[in-house]
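Next up: just one chain, as structure tokens, the form predicted alone.
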């Protein structure tokens, strides 16, 4: 624990207290697949100016700190929120992709994938090593590639909207791992092109008063089942803002009400509120408004009724995805990783011809137990 205290400029006793309070937790399952790492801890919550998900690694060649993702504030109306925040600065409308956040870093001789919560995930790390060369890190050893991991073969957010059958990575930021300072949009584009890196698409560069242009981008993303927009100062001097499409709101609601025992009411209410403000700002006519109401109602009721029906038939409610491993070693390590997270799961091997295809079922115990109890006569509270 001394190395964590020194890295974060704390006393050893203060670091010990963070661990006792479960704010400082293990970031890794120790294994030969992670040969460069002796120990690693992560911050479960924000502490001082260190973001939640910050990771402190004791590596074979020294101690490294990888800062967590800065929180991005959400806006519910475009006007006047964008003008108030960005004023007359040039802004980039960068797509908000539907996946999970990964920091790609180099520790010692190997690349590693760190998730938003600060966990060094073996499955993600295997995919990172398959898709990235270390050329960038030879030139920028103190930086990290902040990516969205998207595709069907995702253990956290499987999505089919991008046509990616396995898992791929798209860079949205390049940051100094210790200070969390980000390079500008144009520098990021130059680096991505120079090193052959995928980058999250920038749909438009404009100013905050271009409401029509901004709305056109949002409407196009919504019709293509995309997540939304992150508005960024092109110089990255101001903090970004994010805004989600109606499709994303209703998709989130459909997911949350399918597994309502796992998700808090605030999660659900927030998305309904987003729909209300968007409907108001976009000045919908009666037909458009009725369509939105129908989508919203279906997103709430259909998945819940489906879960209740399945549970009444004795079935287990779970989220399912197909994962693809390149080695049995990483598959076994991923099981240990899930146990570290406290995930209730089942894995079924489907094929081992070239790669190992696995059906991953994350069992939603809270939803199962709640429905079973109600169907047997339990009260809601």
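Owing to the predicted nature of the structure, the values given are computational and were not obtained by experimental measurement. Positions refer to the first chain, counted from 1.
This protein has a second form, the form predicted in complex with ligand ATP, left out of what is shown; the following refers to that one.
Taken together, the three residues 127, 166 and 356 all stay farther than 4.5 Å from ligand ATP in the predicted bound form, as judged by their closest heavy atom. In the predicted bound form, at least one heavy atom of residue 74 sits within 4.5 Å of ligand ATP. Using a 4.5 Å cutoff between non-hydrogen atoms, residue 83 does not count as a contact of ligand ATP in the predicted bound form. Although the partner is absent here, residue 41 lies well away from ligand ATP in the predicted bound form, with no heavy atom inside 4.5 Å. Contact annotation for residue 275: none of its heavy atoms lies within 4.5 Å of ligand ATP in the predicted bound form. 230 is the sole member of 230, 174, 218, 105 with a non-hydrogen atom within 4.5 Å of ligand ATP in the predicted bound form. Checked against ligand ATP in the predicted bound form, the residues 245, 101, 208, 182 give one hit for a heavy atom within 4.5 Å, which is 101. Only one segment in the set 258-266, 299-307, 93-101, 284-292 has any non-hydrogen atom within 4.5 angstroms of ligand ATP in the predicted bound form, and it is 93-101. Along 189-215, one residue reaches a heavy atom to within 4.5 Å of ligand ATP in the predicted bound form: 200.
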